[in-house]
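Presented below, as structure tokens, is a lone chain in the form predicted on its own.
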């Protein structure tokens, strides 16, 4: 499959690495809103072009992976490019997924393309595990904990605030809540009781720090429902102490089995990631394979991870999957 990347930040670089790891994938182009001469990629011989040139190369691209931010980029970019390409994104604003799906679905169906939104680990792999666990344990409770780690979407949202030069946001599980869930206590937890958020912000010189902090703490869908701490630090300190992008988390379903529900069952899926964007990119490339296959079969419109059979993700034959993985 011929893959093109739109947007060459942390996620775009991760996609480039993931393409290298998949023998059936080939990177055919990187497209950027910046001056292409200022963008240096890892793969030799692959052109870097300005995004304005992308439609000139649409016949070369099986799947366009859109590596923009969920706050402002993807709601516009994914529906627009679904008119011309099979596309996939990592849209992660959970509250707006139904709206985003509808917009992308309409654009893709009108032009005979196939799209997939919200690929990654949450939404994505965590979403699948929530669904599987609900099916297996119909009587139970779901719990998702993220972190400790850097959220790319939340960090991007911070950086888009006027007066912010740079920033990182860490999501941190509340240990007491996590322990209650693992003990099978099935607690009822508010959003605020499950996680805290910690922000490290580099402000522009002369910026109104009080306004920036207020905008962060009151931002809907991102920080308003959490206990959030904001630290203003220098660029040097951010670069030294917060250069990595680790993340991870847990999906847990605690349920009851047996005739009277007398026995407990706890399903837990966890991730520990040195690089959030590189793992997200690895998931995206696997789903790009599925999108390319589905489009060849004539299936159009927008999909989510719930719609994709597992076999479509693999480059193994059905025989090999049955022999080695089943």
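Numbering follows the first chain given and starts at 1. Quantities reported herein were computed from a predicted structural model and do not represent experimental measurements.
There is also a form predicted together with another copy of the chain; it is not shown, and the following applies to it.
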Considering non-hydrogen atoms and a 4.5 Å limit, which listed residue (297, 52, 59, 260) is close to another copy of the chain in the predicted complex?
260
Within a 4.5 Å heavy atom cut-off, is residue 160 in contact with another copy of the chain in the predicted complex?
no
Does any part of residue 32 reach within 4.5 Å of another copy of the chain in the predicted complex? Heavy atoms only, please.
no
Determine whether any heavy atom of residue 25 comes within 4.5 Å of a heavy atom of another copy of the chain in the predicted complex, and answer yes or no.
no
Please check if residue 140 has a heavy atom lying within 4.5 Å of any heavy atom of another copy of the chain in the predicted complex.
no
So which of 127-135, 191-199, 210-218, 225-233 is the stretch with heavy atoms within 4.5 Å of another copy of the chain in the predicted complex?
127-135
Hey, with another copy of the chain in the predicted complex, do 94, 118 and 123 all fall inside the 4.5 Å heavy atom range?
yes
Contact check, 305-326 vs another copy of the chain in the predicted complex, heavy atom within 4.5 Å, ordered by sequence, gives 305, 306, 307, 308, 309, 310, 311, 313, 314, 321, 322, 323, 325, 326
